[in-house]
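Here you get one chain, nothing else, as structure tokens; it is the form predicted on its own.
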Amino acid sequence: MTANATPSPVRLQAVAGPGQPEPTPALEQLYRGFERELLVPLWTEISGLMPASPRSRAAPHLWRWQRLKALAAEAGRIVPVGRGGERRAIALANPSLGGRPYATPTLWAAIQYLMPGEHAPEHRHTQHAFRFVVEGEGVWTVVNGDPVRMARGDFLPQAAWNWHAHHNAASEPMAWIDGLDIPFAAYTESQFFEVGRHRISAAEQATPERSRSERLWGHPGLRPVSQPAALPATPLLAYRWADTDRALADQLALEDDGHAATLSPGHAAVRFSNPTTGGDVLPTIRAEMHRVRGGARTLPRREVGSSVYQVFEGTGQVSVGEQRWTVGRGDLFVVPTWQPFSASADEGGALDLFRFGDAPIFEALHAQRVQVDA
């Protein structure tokens, strides 16, 4: 529709019912007047505008990692990386969102695939982003000229408007998941995007064990005095699996020693945080890792805001609303707003779940609500 086109009015019907005015010719005439002026009275729409509890447009859905990876590998064979596509990223499209490439109304998730020797060109955007690696290594993401190693279990956040590119220095392809707030930025009409260099410099194609950001910020409880006191997003570009694994194991070990469980018996969790504030790593995205001990089950939980989970390790069962799935390594699934969620691990070992969601948005608006059932 062009700027000068006449929009279609909402068709109003006079219907008898509780809380509704009596259908009369005068009411019908009033409604036609509303339509001409593009007006909608609250009394005809209140059940949709103000429901008793949130009604998500997204549906619970599960994507199998092995199927995604096979399709990504085929794309790697026939689809080049370069200007135009920029990234070989394949987005999860929630079946209830009308074909949009959105996992939830606020979150975008995709599998990205890079072949040996390939370079994904440099660009930047106002959407906040991260990468999470469920398997493989050999790719470096380069953020503002800082090469950052990517390996299994690593969480790599990258705040808005930072230049970034990727290069695969290994002899094998590598896949990982990307998470961004693309749908939220689109809804708020706040997007900016800018292309950078087609190929980063030879110096930026280095493969250091530790990035500059890790050397500055990767020391628990310590911050460089020379750096800003507080930043809106984390300056640390890599949260390594060894540290995450140790933190989860220590929580469960404390429980074994007789200390109270932090969430529920056999359920440990950590949140990736901004070392300059202690808050979330990104202004619009919360990221966590959960571990459910073999044979344990988490308490059913629902909250305002949506989440995407990926199984990092182990097997088990998850419940989202009315859906029940058996899941394994790499599988991804969506938990829409205010849908009850719980997970259980098979007896053979722990179930590790990576989770990202939009909770910081709702907390900033004082609109978040959480309910945990005992």
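Quick caveat: nothing in here was measured; it's all calculated off a predicted structure. Numbers follow the displayed sequence, beginning with 1.
This next part talks about the form predicted together with a small molecule, which is not shown.
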query: The small molecule: the contacting residue among Arg212, Arg297, His125, Arg301 in the predicted complex [heavy atom, 4.5 Å]; finding: His125
query: Selected contact from Leu92, Val81, Leu180, Ala175, since only one has a non-hydrogen atom within 4.5 angstroms of the small molecule in the predicted complex; finding: Leu180
query: Arg87 within 4.5 Å of the small molecule in the predicted complex, heavy atoms; finding: yes
query: Contact flag, Gln112 vs the small molecule in the predicted complex, heavy atom cut 4.5 Å; finding: yes
query: Partner proximity in the predicted complex: His267 to the small molecule, non-hydrogen atom cutoff 4.5 Å; finding: no
query: 4.5 angstroms heavy atom contact with the small molecule in the predicted complex for Trp108; finding: yes
query: Partner-facing stretch of 237-245, 161-169, 219-227, 146-154, counted where any non-hydrogen atom is within 4.5 angstroms of the small molecule in the predicted complex; finding: 161-169
